[in-house]
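Heads up, the chain below is alone and in the form predicted on its own; it's given as C-alpha cells.
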Amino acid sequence: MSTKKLNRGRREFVSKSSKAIALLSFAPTFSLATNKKGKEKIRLVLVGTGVRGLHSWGITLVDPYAEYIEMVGLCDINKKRAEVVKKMIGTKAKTYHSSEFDQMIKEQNPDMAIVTTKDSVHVDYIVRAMELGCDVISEKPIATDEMQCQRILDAEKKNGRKVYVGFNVRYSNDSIEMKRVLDSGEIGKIISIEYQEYLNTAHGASYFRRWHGKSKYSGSLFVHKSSHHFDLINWLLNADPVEVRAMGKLSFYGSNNEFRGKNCRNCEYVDQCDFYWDITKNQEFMKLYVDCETVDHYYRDGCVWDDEIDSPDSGSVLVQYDNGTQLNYSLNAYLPYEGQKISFSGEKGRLDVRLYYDQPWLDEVKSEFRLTTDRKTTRSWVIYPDKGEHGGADVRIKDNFFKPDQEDAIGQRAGSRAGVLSSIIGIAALKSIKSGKPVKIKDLIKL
C-alpha cells in the first residue's frame, strides 16, 4: 500500500475517532475538591513512604500541585524512612508510625489518604481511612485476596466514602489510542484478545529482590504486576470477567539456582551471580532503604534466589468476559528484552499493537499500531510516549484527580469496582494454578 493511502487512511481514522470521543465530552466534570469539607486545598496524608510513595505521590505531587493540595501527614511502618521521605519531598507534613494511623487522621483531619504500602495491607488502611471519614487513592493492586476485595466494597458502601485506584496505564498515549480504535467500532465486536507481557532480567528481577516475589505480600506477580494489564483490558472492553483458567510456575527465580544469599551486599557468591546488584551505587536507595533497614530489617537488595520466593515468574491466563470476549494473557519475567504484544480480533478486522520499551536493537520507546480490515486493507502508524514518568501518564492521572473541573470523557478515572475486578483476575489465576481448575468470579466476590 502506498504512503499516500496509508496517510489518508490514518487521517480518516483519527477523524472518526475524534468524533466518537467528542460525543463523550459532555460527561460531568469532576474534582476531588468537592469532598473538601469547605477547605481551600485538599488535605492529603500518605501511607507508605517507599519509592512509589516518594515519587508518584510525593515529589511529583506536593510541589507541582501545591495550588490544589496540601500534604499534612506521612505514615510508615518504618518512621525513620518517613522522616527521610519528608526531607526528600520538601514538605512540612508531620510523620507518624503506622501504628499511629488513627492518631494521624484525627490530628490532621485529611480529606484523602493515599495508600502506597505493601500490597497485602492496602485493605487495612483503605477500610480504616473510610471509617474515619476519608476518601482514598490506592496504588494497584487494591487487594491481594478475595476477602480483602469484599471488605473494601462493603466498607465503601457502609461509610459513604470513595476509593480510587492509581491505574496510570489508562493514561498512556498507547492505551488512549487503543481505546479510540476499539470505540470507533471499525473492527466490530471484539471476539478475542492476545496479550503478551515481556519483562527483562533487569526489571523482572527487581520484583524478586523485593517482597513482591512472595505471594503472601503481593498476591503473586499476576496480582501485583498484571493487575495493570487486566484493568486495561477490562476498561477497553467495558466488560466484566466471569471465569478464569490459568497455568504457571516459578521457573527461573527462587529455588531455581544452586546457590543463594541473604542479600547482595553480604553475599559470598558476588563473582558467580549474574544477578548481583550493587545498591550502594544508588544514593537515593541508600538513604531510603539501607540507612533505615536497622528499624524493620527490610533489605532492598534481597536475593533473587531466596527459597521463600513463590510467585510464578511465567504463565498464561485465560479470561472469559460477560460479553463473550476471551482474553489469552501471558507473562514472562526473565527475558533479554522488554515490551508487549497486544492483538484484538474483531468481527470486522484486527488491531495489532507492539509496544517497544527496552529492546537493544532500538534507540527509542514507541508503540506500533496496525489495523487490518480485510485482506487488502491495512494501515499502520506509530505512537510515541510523552515526557515524564510512565510516558506522561503520571502527570495526567494527577491532573485528573487533583485539578478542579476535570472531564473524564473516556472513563479513565478508576474506582473500587475497577480495582477489585483487576485484582480478582490475578487472584483467581493463582487459585486456578494451584487447583488445576477454572475459577468463577461470582464464587469469589459479590459486586
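Each residue number is its position in the shown sequence, starting from 1. Only a predicted model underlies this, so the values are computations on that prediction, with no experimental measurement involved.
Omitted here: the form predicted together with a small molecule. The next part is about that form.
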query	finding
Per-stretch contact check against the small molecule in the predicted bound form, the hit in 364 to 372, 341 to 349, 293 to 301, 328 to 336 (non-hydrogen atom, 4.5 angstroms)	293 to 301
Heavy atom of Tyr125 within 4.5 Å of the small molecule in the predicted bound form	yes
Partner contact for Arg52 in the predicted bound form: the small molecule, 4.5 angstroms, heavy atom	yes
In the predicted bound form, Arg151 touching the small molecule (heavy atom, 4.5 Å)	no
Trp211 within 4.5 Å of the small molecule in the predicted bound form, heavy atoms	yes
Heavy atom distance at most 4.5 Å to the small molecule in the predicted bound form, all of Thr116, Glu139 and His224	yes
Contacting member of Gly166, Gly73, Gly219, Gly204, with respect to the small molecule in the predicted bound form [4.5 Å, heavy atom]	Gly166
Option touching the small molecule, based on a heavy atom within 4.5 Å in the predicted bound form, out of Gly391, Gly419, Gly48, Gly58	Gly48
